[in-house]
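Presented as structure tokens, the chain that follows is alone, the form predicted alone.
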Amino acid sequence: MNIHEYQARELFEKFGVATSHGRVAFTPEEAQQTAQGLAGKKIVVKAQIHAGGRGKGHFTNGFKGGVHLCNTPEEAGQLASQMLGQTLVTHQTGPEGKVVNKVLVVEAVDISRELYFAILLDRATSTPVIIASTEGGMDIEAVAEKSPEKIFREFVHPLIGLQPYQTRKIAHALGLTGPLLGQASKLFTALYKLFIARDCSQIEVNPLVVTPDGQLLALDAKFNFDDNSLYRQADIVAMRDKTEEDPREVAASEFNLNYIGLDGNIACLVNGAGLAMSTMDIIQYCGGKPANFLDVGGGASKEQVAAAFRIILSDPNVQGILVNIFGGIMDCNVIATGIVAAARETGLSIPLVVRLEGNNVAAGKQTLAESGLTIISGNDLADAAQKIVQAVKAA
């Protein structure tokens, strides 16, 4: 789950992480009012969407850039009026862009140095790791590739947490000495408390800045959260902005389905993430292009299968469907019943290939055969993939 920049700042304030002053605005009037509270200071108005590259983006109404400096509250209101309700296109949104429904009005900060700081989960050691660099404001992957010696790592023991000597060690690696050392230790400790308390899998602060008057501030952050822990993070769940997500993915989450839309034309319905990846690979190998990743899980019901079909068919690019089920816990006949019900409900008119194997497979195949529907049976995964690719090309 992603959150907006203004929501990241709200978390900063809650956990005592030093940042610049600002608030979110949903109307030009709110933007102007917020800017009045920053009177006498330079102001930044920033479009709020779940995508990077906003400053270099463009709006479909011809307005350039989703991040702008201004000097007066009136200017802030005018800028907000040119952004709100408009579609912003960046290198991360794709040509379709995203509609801006809110803007962040925040104090502009003079910057002496830009640093990078992140807390991640290291999969190899199963511990949190802090990544820091003096090359803030840049793509950290590019820094790691061109100047790996500028990347500093500090692993944190999951039971004892981040220790004071470690915060000082990180600060020294970033060249934060004197009065900045104390600020750095406080900020790093607060970020780590936030990371643990909110079940984060990532907090990336870029840039972490030093101002000319000697302040250390976290200006922007990207958060990721452990989806498995959201049941105990009601305040984080409340931050979810469904308007920023693919409507198909939102619908899938309501049925506990794992769905990710892709740009192909052959839809996949599979039980198990690994099997879904293999299914997409073999479709590509056979000359087709997968339209989605869709994992119905190990115990899907007839209702979930029907919902999966509706979500699949909401993609206008889909020209065929491959169902690949290996029944362990899953009952193949339950899946077959759901397929038949979904095909009838949606009036399915595109090729459908089904490969069933495992628990109660004979009953499942019988249900499909007796349905009276045009369903192509796949003997194994390779056979099923070849059949769906051929059927789509023939259609």
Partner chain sequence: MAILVTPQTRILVQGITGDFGSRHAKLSLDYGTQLVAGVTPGKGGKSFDHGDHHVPIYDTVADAARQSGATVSVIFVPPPFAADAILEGVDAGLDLVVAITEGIPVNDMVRVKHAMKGSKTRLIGPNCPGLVTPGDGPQSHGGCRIGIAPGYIHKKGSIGVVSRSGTLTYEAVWQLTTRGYGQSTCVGIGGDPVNGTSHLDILRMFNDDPETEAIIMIGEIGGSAEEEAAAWAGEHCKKPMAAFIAGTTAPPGRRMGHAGAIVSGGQGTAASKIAALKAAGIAVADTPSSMGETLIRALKSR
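None of the values given here were measured: they were computed from a predicted structure. Numbering follows the first chain given and starts at 1.
Although it is not shown, the form predicted together with the partner chain is what the next lines describe.
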Which residue, L69, A362, A39, I329, is the contact with the partner chain in the predicted complex, using a 4.5 Å heavy atom cutoff?
I329
The unique member of I236, I196, A173, I151 whose heavy atoms fall within 4.5 Å of the partner chain in the predicted complex
I196
Contact test, all of H157, S201 and A273, partner the partner chain in the predicted complex, heavy atom 4.5 Å
yes
Give a yes/no on whether V99 approaches the partner chain to within 4.5 Å in the predicted complex, heavy atoms considered.
no
Taking 4.5 angstroms as the cut-off for heavy atoms, does D213 touch the partner chain in the predicted complex?
no
Please check if D281 has a heavy atom lying within 4.5 Å of any heavy atom of the partner chain in the predicted complex.
yes
Hey, in the predicted complex, does L381 get a heavy atom within 4.5 angstroms of the partner chain?
yes
Just one stretch in 205-213, 182-190, 303-311, 283-291 has heavy atoms within 4.5 Å of the partner chain in the predicted complex, so which one is it?
283-291
Could you pull out the residues of 105-131 that have any heavy atom within 4.5 Å of the partner chain in the predicted complex?
L121, R123, A124, T125, S126, T127, P128
